[in-house]
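Each of the two blocks below gives one form of the same protein chain as structure tokens; they are labelled structure 1 and structure 2.
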Structure 1
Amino acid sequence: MSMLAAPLHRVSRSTLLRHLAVALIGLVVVILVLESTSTFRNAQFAAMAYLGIAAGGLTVLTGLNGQISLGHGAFMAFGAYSTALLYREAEPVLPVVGVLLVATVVALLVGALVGVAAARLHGPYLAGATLALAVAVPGMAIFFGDSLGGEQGLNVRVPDVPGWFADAVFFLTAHDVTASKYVAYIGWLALIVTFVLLANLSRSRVGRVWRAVRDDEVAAELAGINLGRARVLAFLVSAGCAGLAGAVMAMAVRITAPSGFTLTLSLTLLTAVVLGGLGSLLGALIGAALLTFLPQVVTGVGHDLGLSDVQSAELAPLVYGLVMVLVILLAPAGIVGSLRGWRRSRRETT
């Protein structure tokens, strides 16, 4: 017992080791879930992964730094189109990891340009500027139709499953790795790495600076914090996450077209963050899960009630709206934020 107590105590005291331990547990859960579900569910989990990555980046920007962005779908588009351009040939020039990194860097560079320009904007002005970005970027793909495929978009090559990866998964689970399952693994590995980095960043001095700027700009400036630099850095991190999410999305959907990056996608990401709880990576993941699986659940309920396919499909946006209104009324801090508040109040009363 005493042999285990010392390592556990060391893990509990170290932020990095604690986050790595949670990531390891999460990886085990991901393997168990992906290996016990169908190909269709694997595709849904891949969708949840890329929505979770983008929502995690957005919750850093909005929840920790207090900036509102309505244009993160545009950053996902930059990541997705970078992936489509690099990964559509029979012999891609880069491996999957290289493509993901390039897509992230491209979105980072675009985020740097937008972040510097928007560093002096606040609240609705920043929301308006990012809204314009969300509207303009899909149009760029149409304007440069010869290179970006226009309305039809670009097809994305299905990643080949590396032999060592297939062997490793077969050794652990005795199951073969299909293309859909491999993309889901790519998405969840990317999500775990991203969340570990974001969790450590939020606990570091950088995270404390972001929270100080969010809570009181005047006090933060008097304390010597460079407000513009803090805002631009938060925007950079968030845009990079969106670019990575766009790359995973392109591999999962296997096509990159302007219709996939409309304003609806940006609002969907914001909805995930609000539903789960601002400033919480777990909340971002819960929000992504709701947005991924709720439509199918609602459609199934509609079929059970005797509604037609069209009526059942149209039921999902209505339920989205109702869930959003209920969360705002009953749990304004989001699901995770409200649960933490309830636990805190219960601890104080006992």
Structure 2
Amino acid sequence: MSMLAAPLHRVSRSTLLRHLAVALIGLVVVILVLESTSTFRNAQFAAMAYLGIAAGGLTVLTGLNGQISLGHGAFMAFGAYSTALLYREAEPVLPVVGVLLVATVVALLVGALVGVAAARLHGPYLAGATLALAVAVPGMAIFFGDSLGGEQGLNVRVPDVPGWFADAVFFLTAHDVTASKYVAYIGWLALIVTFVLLANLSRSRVGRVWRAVRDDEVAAELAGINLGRARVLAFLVSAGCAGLAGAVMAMAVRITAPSGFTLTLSLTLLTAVVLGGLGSLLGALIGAALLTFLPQVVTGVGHDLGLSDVQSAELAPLVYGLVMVLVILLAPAGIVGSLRGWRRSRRETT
């Protein structure tokens, strides 16, 4: 008993070890879920993974640093187009990991550009500026149609499953790896790595600085924090996450076109963050799950109510919007935040 208790104690004491332990459990769950579901579900889980990565980054920005971005769809577009350019039908220039990294860095750089301006903005001004970004970016793909494919967009290569990976999965589960399952694995591995990094970041000195800036600018500045630098860094990190999400999205959807990065995408990402409770990564994941699986459910309900396909497809955004309004009016802390507050108040009374 004591032999097991000592290492367990050490794991729960160290933040990094605790996060890694959670990540390992997450990985096992991911393998179990992806191996026991159909190809169609695998594709859905890939979608959940990239929405989760983007929502995680946005959660850090909004929840920890108090900034709001309506332009994360645009950062996803930068990641996706980098992926499409590097990972074409012909021989790819880079391996998958390299592509993901480059996409992240490209979005980071754009995020730095926007972030420098954003650092001086707050609330509605920042919202308006990032809204303009979200509306402006799809037009660029059409303007530079020669290299970016215009309205039709660019095709993305179907990733070939590496031999060792297929062997490893076959050895563990006796299943073959389809391309969409492979992409789902890429997405979830990227998500786990991102979330571990974000969780550590938010627990570290950087995260404390961000929270200090969010809660009281004056006090933070008096404590020697450079407000602008903290804001730009938060913006950078979250833009990088969106870029990575865009790269996974490009691989999962296999095409990158301006119509994939509408204003609606940016706004739905915000829904995921609000739904999940501002500032909680678990909440962002729950929000991403809702964004992935809710449309199917409500579209079915719409059909039962006698609506046409197009009309039923609009029911999902209707629900997101309603939920967003209701969360702000009734439970501004979001689902996870409200549950935490409820648990805390119950603990205090008992």
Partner chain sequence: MQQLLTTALTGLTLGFVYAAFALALVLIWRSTRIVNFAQAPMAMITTYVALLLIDAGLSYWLAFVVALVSGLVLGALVERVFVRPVEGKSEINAVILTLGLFIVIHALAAVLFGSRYRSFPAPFGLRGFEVGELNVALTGFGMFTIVAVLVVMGLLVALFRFTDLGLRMRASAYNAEVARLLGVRVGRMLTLGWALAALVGSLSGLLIAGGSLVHPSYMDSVVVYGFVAAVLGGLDSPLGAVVGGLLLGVSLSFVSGYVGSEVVALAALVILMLVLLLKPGGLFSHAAARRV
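Numbers follow structure 1, counted from its first residue as 1. Rigid core (definition): largest C-alpha set, two forms, superposition within 1.5 Å. Keep in mind it's a predicted model, so treat the numbers as computed, not measured.
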Between the two chains shown, which is the form predicted on its own?
1
Once the core is aligned, please say if the CA of residue 319 is shifted by at least 2 angstroms between structure 1 and structure 2.
yes
In Å, how far apart are the CA positions of residue 310 between structure 1 and structure 2 with the rigid core superposed?
4.8
